[in-house]
Ligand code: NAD
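Shown below, as structure tokens, is a lone chain in the form predicted on its own; questions about how it binds or moves come after it.
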Amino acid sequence: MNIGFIGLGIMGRPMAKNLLKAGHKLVVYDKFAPLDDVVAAGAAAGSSNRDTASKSDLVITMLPNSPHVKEAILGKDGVLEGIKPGSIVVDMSSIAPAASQEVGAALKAKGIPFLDAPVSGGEPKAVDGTLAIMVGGDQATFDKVKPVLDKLGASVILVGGVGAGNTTKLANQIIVALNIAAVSEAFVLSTKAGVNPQAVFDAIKGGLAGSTVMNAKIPMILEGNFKPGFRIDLHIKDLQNALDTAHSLNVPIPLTASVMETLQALKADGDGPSDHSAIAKHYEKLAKIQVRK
């Protein structure tokens, strides 16, 4: 299968390389990011979204937000202008569910199947090929694409129709953000009380409070390592999509709104590019203590 891969950011670049390692033929394109290392790994370089689509049986997009996906697929020289009959488009970006449905409808009108398939796991799992992939679309299209997605993720689940993938991702991002905030509060409290944070982590990680989030983020916080695996700026984007979607459905999500303000405060302090584990820095600032080894 010839695959077009559009979007070579923190997540897209290792994902594209994993598809090459799995033996797929790739044409890659990114309007802003360099293509050199992915081309050196065996991909061909596309000259535009349209050109990339014209050379592909499957087009995967991995872009920052809804406007970028709509431009890449529906805009001038976009995927829709170049895609061949019988091809499939899979958007693996994390965007608003309504935007996924808009893109899916435009492609369907041209006879092109579409899946929204956002991922969770951050850069480490993108590199390892062990992402959690939540997919929206029809069963037949999912069955055709799943062998490719299996090369990118340890879990590939069809959760409903187009838009359901990104709705599931919003739920995921709410849980992750609130979990990091809860962990941050708890470890700032215990550190301020004079208890060694490493000992607290060792004591509670195997109990009910233990979580994948805590296991991933507390070691980073203890080291003061906020190198981005998933940037605060991107989590702000996801929570904004969550708030907008919730409000459109008359669903109050007050805890999400609270954490959103924490993220906005961190962005104002210059931590927008930092990993979302830097949520801990907000609580450290309030308590005038650092959670470190």
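Numbers follow the displayed sequence, beginning with 1. These numbers come from a predicted model, not from an experiment.
The same protein also exists as the form predicted together with nicotinamide-adenine-dinucleotide; that form is not shown, yet it is the one meant from here on.
Residue in contact with nicotinamide-adenine-dinucleotide in the predicted complex (any heavy atom within 4.5 Å), chosen from Glu81, Glu71, Asp128, Asp150: Glu71. The stretch among 182-190, 219-227, 89-97, 205-213 whose residues place heavy atoms within 4.5 Å of nicotinamide-adenine-dinucleotide in the predicted complex is 89-97.
Residue contact check for Ala33: one or more of its heavy atoms lie within 4.5 Å of nicotinamide-adenine-dinucleotide in the predicted complex.
In the predicted complex, no heavy atom of Gly163 sits within 4.5 Å of nicotinamide-adenine-dinucleotide. The closest heavy atom approach of Lys237 to nicotinamide-adenine-dinucleotide in the predicted complex falls within 4.5 Å. Contact check for Pro113: every heavy atom lies farther than 4.5 Å from nicotinamide-adenine-dinucleotide in the predicted complex. For the stretch 3-33, the set of residues having any non-hydrogen atom within 4.5 angstroms of nicotinamide-adenine-dinucleotide in the predicted complex comprises Ile6, Gly7, Leu8, Gly9, Ile10, Met11, Gly12, Tyr29, Asp30, Lys31, Phe32, Ala33, in sequence order.
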